[in-house]
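Listed next as structure tokens is one chain, alone, in the form predicted on its own.
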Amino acid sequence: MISLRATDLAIDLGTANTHIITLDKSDRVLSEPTVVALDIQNQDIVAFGEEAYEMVGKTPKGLQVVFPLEDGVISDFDLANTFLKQFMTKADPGLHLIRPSVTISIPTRITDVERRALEDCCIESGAREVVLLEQPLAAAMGAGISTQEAIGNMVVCLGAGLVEAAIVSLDGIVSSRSSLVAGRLLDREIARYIKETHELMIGPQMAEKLKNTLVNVHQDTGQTMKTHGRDLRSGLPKIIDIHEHEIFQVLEPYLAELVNHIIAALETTPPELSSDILRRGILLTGGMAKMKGLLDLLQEAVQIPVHVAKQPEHSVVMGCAMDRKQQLEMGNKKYNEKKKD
């Protein structure tokens, strides 16, 4: 199908998952794991997204599954470019004479070099122009917070590769702090514990499933989970029961570090905005915001109301879409005013 103009896109390029919105299709969010599978010999892409994620730990010799982002930033430019190009085509298929404009989220701690790399990646992937929007600001907008007023709002983006706690006001970031105590780190620590304590090798998918199923940071319900892996002694497949208190003990120091990170971010809040934070509370976004008991844990630690966004994993991309719509509205308004003159 050939069309004159491509649909403008909003993108949240994440370490674990990428979310994309095509602005003329009822704001439907398309999500895929940020991963590609390639043929090592000729470097051809065999699969991407969900199809590639299903291959993790299962590929034969000659195939490799790669995550092109680490800690929220691009670690492999070529693979990130290929993944983004494939995903953008999936979101808006067909041949377009005019390429799309893209609004994409970025971490607040991104360097100028990383910023240029992301812009180049979008252009190489088929974008006409690229607008970069800081993740906490996008998350606040996507969660329905009015960021244009002189009111302080604290947003904590709990991602797979990076955690960002920021104070947002007047369409900007007043202060922010970043931490690598994020979802992927917790998965690795769970896998390490299972290996060292139970002499069982498990894959990243099983580690993530243990985290999502068993972790309850506020209470012990006595839940267990069948855990599949390879016995390090015999080399044979093995199933063991893992109790939720084991997983909590593994993650407890990291959760404490996460709480301290948020407290440190609160300490950087300007006095003029502190009353706003006390009144409005802290907003959690990102996939890890769904962790059972995390909201109660944070609320007890900081003695401030804590809220989870309605769609925490989609808040950032929804904010990017809102920002793009505002740009289009402003552009149309200026065009109409000029036409009247």
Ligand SMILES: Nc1ncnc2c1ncn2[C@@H]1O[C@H](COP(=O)(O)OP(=O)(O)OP(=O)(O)O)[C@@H](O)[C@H]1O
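Remember, predicted model here, so these are calculated numbers, not experimental data. So that there is no doubt, residue numbering starts at 1 and follows the sequence shown.
The same protein also exists as the form predicted together with this ligand; that form is not shown, yet it is the one meant from here on.
- Residues placing heavy atoms within 4.5 Å of this ligand in the model of the complex fall in a single listed stretch, namely 151-159, out of 126-134, 255-263, 226-234, 151-159.
- When this ligand is considered in the model of the complex, K290 lines it closely, a heavy atom lying within 4.5 Å.
- Shown alone here, R184 lies within 4.5 Å of this ligand in the model of the complex, counting heavy atoms only.
- In the model of the complex, this ligand sits within 4.5 Å of a heavy atom of G72.
- Contact check for E119: no non-hydrogen atom falls within 4.5 Å of this ligand in the model of the complex.
- Proximity to this ligand in the model of the complex, defined as a heavy atom within 4.5 Å, singles out one entry of K211, K195, K85, R99, which is K211.
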